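Okay, so here's just one chain, in structure tokens, the form predicted alone.
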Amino acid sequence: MNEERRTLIKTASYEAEPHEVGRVLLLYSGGLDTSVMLKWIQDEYEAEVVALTVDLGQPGEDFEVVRGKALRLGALDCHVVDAREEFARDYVLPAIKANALYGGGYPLFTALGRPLIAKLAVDYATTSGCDTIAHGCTGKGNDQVRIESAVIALAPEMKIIAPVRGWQMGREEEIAYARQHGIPVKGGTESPPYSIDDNLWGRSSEGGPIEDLDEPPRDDVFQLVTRPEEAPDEPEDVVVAFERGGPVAMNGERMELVALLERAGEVGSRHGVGIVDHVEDRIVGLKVRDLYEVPAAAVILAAHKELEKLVGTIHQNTFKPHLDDHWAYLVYAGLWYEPLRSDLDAFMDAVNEQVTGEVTLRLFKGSVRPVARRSPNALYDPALAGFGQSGGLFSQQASPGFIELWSLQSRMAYGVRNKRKEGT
């Protein structure tokens, strides 16, 4: 073992001392960082490594290739878990019910995936006899908080190591290490210099030219969504149906949630919907620029918000967005196991009991807007809404008395303040 690695300055009780590490569960993506890490842990800690790869709907990923790479690099085993259904049901669906956007733009796809990945890491570490969990997060990102907070909540006895946070290797040094140890470098050295994360709810790109706030995004960033300028010249209407807050059908075709999210992503991508250029406040104190491609979220959230507004009272529709924002903040901040988050889920579920119906969205060159909506629970009566209509639950003759009472305090306050200004 490298002598420099023997000394660890711990800042948290769950950080693993080198002598405590016997077998490591490594969260393995098959990319450069985690591939270097797989070999590095074996050499630096003299430890066995079990790899875990989680399928959350990353498009175009060949997980058998990823598994084979891990085994060739010395992993005792590489578990590949298809967690798409669990991710959609237990993480994305609550986010839909909460209209979850952090900072007004980020639909939390990475943040939602991390607590599930951490839960699976604890499960597989336990069954594989691992004493330590390793991940590839840096010290500047939010993901280290999300994964480690979840792990120590679920398994306080588990140790954690985060090699990228401490080994001080940049990309060029990692590539050199990989070449020295016969590790294939995915994409080579000429690939776009972006850090990418994706799943069935969205895709993020950061780093490289994106960090220049003076410049618009380069075309090579967009790998999921068609650039709006190149989208079809004719709009397309899409009908999304919900039951109790959950999307269940598109254009009359009922389907399972994973398939529906994938379908929404396909149609949104085709029409250039869901590009978000976002300057974001990370919980570690940094302000960063991220480029998001979130076609499925852009379509589904737009429809859900419109339907929820139709069935909610004025008080629900003015109050719930505050709780939506706080739900999103807790998830973004890695506090999935904070009791308030589950308390808020209970409120979201109660409100969404009424969110049943259909919304028609019109997609056109990057825009998505509701153009029709209907629900058996709608708090809307066309017989009353029309100009000049009266009768039933609404009496126009009652309006003068309402106006006098409704404006009473405001009128009193206006009079008191004017008297003070006039010195009377």
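Computed from a predicted model, the values in this text were never measured in an experiment. Start at 1 and count along the sequence shown; that's the residue number.
The next section is about a form of this same protein that is not shown, the form predicted together with a small molecule.
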Quiz item: Which one, W201, W327, F87, Y292, lies within 4.5 Å of the small molecule in the predicted bound form by heavy atoms?
Solution: Y292
Quiz prompt | Proximity to the small molecule in the predicted bound form, single hit among S195, S342, Q316, T126 (heavy atom within 4.5 Å) | solution = S195
Quiz item: So in the predicted bound form, does any heavy atom of N142 sit within 4.5 Å of the small molecule?
Solution: yes
Practice problem: Could you confirm whether E306 comes within 4.5 Å of the small molecule in the predicted bound form, counting heavy atoms only? | Solution: no
Quiz item: Any chance R146 has a heavy atom within 4.5 Å of the small molecule in the predicted bound form?
Solution: yes
Quiz item: Given that the partner is absent here, does E174 sit within 4.5 Å of the small molecule in the predicted bound form, heavy atoms only?
Solution: no
Quiz item: in the predicted bound form, which of the stretches 202-210, 247-255, 345-353, 118-126 has residues with heavy atoms within 4.5 Å of the small molecule?
Solution: 202-210
